[in-house]
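Have a look below at one chain only, the form predicted alone, in structure tokens format.
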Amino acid sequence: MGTISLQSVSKTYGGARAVVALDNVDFEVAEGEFVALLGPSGCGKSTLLNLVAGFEPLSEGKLLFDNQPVARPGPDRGVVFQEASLLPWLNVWENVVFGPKVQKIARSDYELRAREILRIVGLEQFHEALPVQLSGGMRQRVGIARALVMEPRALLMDEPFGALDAQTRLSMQALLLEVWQNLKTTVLFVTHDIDEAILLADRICVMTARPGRITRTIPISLRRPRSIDDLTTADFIRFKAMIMAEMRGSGH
């Protein structure tokens, strides 16, 4: 499945000066849907993703993944961070299959899938390369492949292309569109880039500055499959103007 449900979720970091990171957040992600969380730095996007991943406990509310409360991380939710954080002493293949090996999964159960995912992300010719021999974009491809090889029901992506140059970022967006089109994994994608959110997502949840709340959810009705060419269409520009106005109205 891969459904995500947040019901009146809040997150407060304690201490002498308590900080409310998220306040009364409600939203749903359907099976196979691509949803983007869009908002300024510090608005709680990454915190929300960490709650769904099970890295942190919520303070209030209810958070369900496939109708079960989220209590801890699990292979059913693959996470891709801004930095790929590959193990530098392992080559591409070894990094990709590290998760299944740690989980004591038989090689026969993951080898074919791992090879297919390397083909999908365009790295089959680089399976013996070490991370230091790869570009930033290629390292992120390995990070995506490493998450997908576990066959997660949802992919949680925290500004995965934020550290890349503009041209590499566009190529990675195109790759992600192709991967998602092929696999239809549920995706929750954090970004502060309006163009990126519109290009990739079925729906965009616009968040306020801290404490993070969702001010509006905007369905993106651009045709599928999409490509980088969509960035210059009239419909794309109309969505961008709408979202910019929403973000200005929310005090961004």
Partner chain sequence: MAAAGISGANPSLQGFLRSRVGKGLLALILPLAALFLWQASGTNGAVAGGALPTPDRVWKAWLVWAFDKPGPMTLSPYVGNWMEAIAFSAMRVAKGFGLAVLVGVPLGILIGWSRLAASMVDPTIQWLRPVPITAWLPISIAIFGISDFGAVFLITIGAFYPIVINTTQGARDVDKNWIRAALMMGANQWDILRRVVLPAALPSIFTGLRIGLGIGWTAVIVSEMVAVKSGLGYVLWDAYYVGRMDIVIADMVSIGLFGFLSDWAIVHLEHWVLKWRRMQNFNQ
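Please read these numbers as outputs of a predicted model, since none were measured by experiment. Residue numbers count along the first chain shown, from 1.
Keep in mind the form predicted together with the partner chain is missing from the figure; the text below concerns it.
Within 4.5 Å of some heavy atom of the partner chain in the predicted complex lies at least one heavy atom of G78.
When contacts are judged by a 4.5 Å heavy atom cut-off, N182 does not count as touching the partner chain in the predicted complex. The partner chain in the predicted complex comes within 4.5 Å of a heavy atom belonging to R146. At the 4.5 Å threshold, heavy atoms of F55 reach the partner chain in the predicted complex. Between 221-229, 24-32, 66-74, 203-211, the stretch whose residues reach within 4.5 angstroms of the partner chain in the predicted complex through a non-hydrogen atom is 66-74. This chain is displayed alone, yet in the predicted complex one of L118, M150, L177, L164 has a heavy atom within 4.5 Å of the partner chain; that residue is M150. Taking the partner chain as it sits in the predicted complex, the stretch 84-98 comes within 4.5 angstroms of it through a non-hydrogen atom at S85, L86, L87, P88, W89, N95, F98.
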